[in-house]
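First, one chain by itself in C-alpha cells, the form predicted alone.
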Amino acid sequence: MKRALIVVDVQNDFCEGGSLAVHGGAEVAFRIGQLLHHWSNQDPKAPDYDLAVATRDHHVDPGDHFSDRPDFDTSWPVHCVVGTDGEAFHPNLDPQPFDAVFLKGENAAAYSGFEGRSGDGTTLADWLREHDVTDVDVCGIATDYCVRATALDAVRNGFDTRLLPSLCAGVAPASTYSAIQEMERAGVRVT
C-alpha cells in the first residue's frame, strides 16, 4: 500500500494575475510548496507520501473549450496555452519534486487529472497502479472544477481518496461547497 499526493493545476493562469485567476491560488501554491519542501527533505512532521505527482492544463487547440463569450461552465477564456507563461507551474510551488506530471486538454476540454498523460503517454490511473499506489490525497486549483473531477475519478478508479481543502482554492463559495458535498457523497474523505 502506497500513498501519493496529486497536485492539480497549480499554474500561473489559475493564480492571481492569470487569465482565469482563482482568489487564493497563489497562497495555495505557497502552502503546497511548503508541504513539498518538508516532504522532499524528509521532515518527520511532513505527511507520509511515497510519491507526488502533478497535473497541468496544457492546451494547444481545445476547440469549443475556449470562447470569446465563455459560459464559465464548459467554455472559458483562453488559458494555459502550451508555450506560454500561463501554462507554467506557479513559482510559489517550489520545490517541484514531482515523480511525474500529467498533461491534459491539448485538443479538447479536460478537467480531471485522470484524462491526462505523462510524457511517455501513460495515464494517471495506470501510472499510479504501476507504482503500487492505493491511496491518494488531492489538492490544488480549482476545488469546484479540476480538483473535483480528479477526486471523483480517483474514487471511480478504485483509489482510497482524501481531499485536502486547506490546500485548495475554489472559484466561488457556493460551487466549492457543492463540489465538496458531491465528493463526500462519492466516497472522498475530506480532511
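Just so it is clear, the structure is predicted and the values come from calculations on it, not from any experiment. The first residue of the shown sequence is 1; numbering continues from there.
The protein also exists as the form predicted together with a small molecule; that form is not presented, and the subsequent description refers to it.
*Asks:* Checking a candidate spot here: are 9, 20 and 142 all in contact with the small molecule in the model of the complex (at least one heavy atom each within 4.5 Å)?
*Replies:* Contact check passed for all of 9, 20 and 142.
*Asks:* Counting only heavy atoms and a 4.5 Å cutoff, which of 29-37, 127-135, 144-152, 159-167 contacts the small molecule in the model of the complex?
*Replies:* Stretch with heavy atoms near the partner: 144-152.
*Asks:* Is residue 76 one of the residues lying within 4.5 Å of the small molecule in the model of the complex, judged by heavy atom distances?
*Replies:* Flag for residue 76 set to yes.
*Asks:* With the cut-off set at 4.5 Å between non-hydrogen atoms, does residue 111 touch the small molecule in the model of the complex?
*Replies:* Flag for residue 111 set to yes.
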